[in-house]
Structure formats: structure tokens, C-alpha cells
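Only one chain comes next, encoded as C-alpha cells, the form predicted alone.
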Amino acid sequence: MTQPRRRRAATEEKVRRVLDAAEEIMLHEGYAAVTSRNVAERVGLTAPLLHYYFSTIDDLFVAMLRRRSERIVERMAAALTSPRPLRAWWDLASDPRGTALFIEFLAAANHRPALRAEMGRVAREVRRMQMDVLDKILPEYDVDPDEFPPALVAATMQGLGLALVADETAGHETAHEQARAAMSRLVDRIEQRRTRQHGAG
């Protein structure tokens, strides 16, 4: 009875190591460097054994995205229910590592239909969560949801975070640090006003 459990635990550990290695390669070398040979060498496996766990590289990319999206959904849910939801959301949206990985996933998805479909599913789930919460909390920030709908607020938060990290990662001189600091000040000011007027947090 114990033998199958040991094998299952060993398999889960190897899968975790493979996903960790593939994520590090993608973050530091780009999605195109995520190959069977590169990932297998990083974790001390042969390429054929790697394909025992992931039949194709597409399967590996989808597994990477699913694991990361589970974390994203958990962190986003926690951010949106925190005492300062916009501040927590901005910290998440402008996180360099997470956003840099997302940029690589976007690039890879242009060439991998299975990954593109999975990214669409994740994007819909996260955006729906964001908009549901914004529907409830925007009035606390004295924001008229008819004039500034949740879809706009969500796209602005995510889009600005994505743009700043993209420029920062690429080393572009676009005053991204100044924009990041200004956005942080704006979010803090909005949160402080909400706290004064509605007693949040």
C-alpha cells in the first residue's frame, strides 16, 4: 500500500522541480529558451524522461501557466478583500517577477494555441473577480461606476502595471520609475481619502 504513495510523492516532487526550472529559464532567458533539453538538463533528467511527465512542450507551458494562475487568483482575491484593496492590487499588478513572467507567457501564447486558450480562460476569471469587487467598492472611493466603469478601472490598473514592468525589464528609458512612484502616491492618496470618509481599514 505504501509503494504507490511513495511513487506519487516522488512524481509530484519531480514535476514541481521541472516547473520551477522552466519558470526560471523563461524569466531569465525568455520563453523560446524553454526547450525539452534545457529544462531536462536543469533538473538532471533526460529529455525522454521529461516527456514522461509532459508529453509536449505545450503541455509544459500550460502546466506552468495553470500553477501560476492558481497563485494569481489566490493573491488577487486576498488583495481585493484587504483593508486597502487598491493599494494591494497595485502592488500585485506592478510586481516585477510576476508581470515579467506574464509578458513571456503572452509572447509564447502568440505561437501556441493551447497556451493562448488557457490564458484567455485565466484572464476572464481574474477580470470577472476584479469587476465584481469593483462594483461593490467603487462608491467607497466616490467613483461613479457609470462614468468610470469597473472594466476601465481594472484595465487601467493591470495595463499600467504591465507597461511599467515591460519597459523596466527591457531597460527602456521611459521614466517608468517616475510613473511607478506617481501611481503609488495616487493610490495611497485615494486609499487615505476612503479611510477618512468611510472608515475602511
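A residue's number is simply how far along the shown sequence it sits, counting from 1. All of these numbers come straight from a predicted model, not from anything done at the bench.
Not on display, but discussed next: the form predicted together with the DNA.
Within 4.5 Å of the DNA in the predicted complex, a heavy atom is found for every one of T11, H51 and I57.
Just one listed stretch, out of 140 to 148, 41 to 49, 63 to 71, 160 to 168, contacts the DNA in the predicted complex at the 4.5 Å heavy atom level, and that stretch is 41 to 49. Put simply, of R37, K136, H172, H28 only one has a heavy atom within 4.5 Å of the DNA in the predicted complex, and it is R37.
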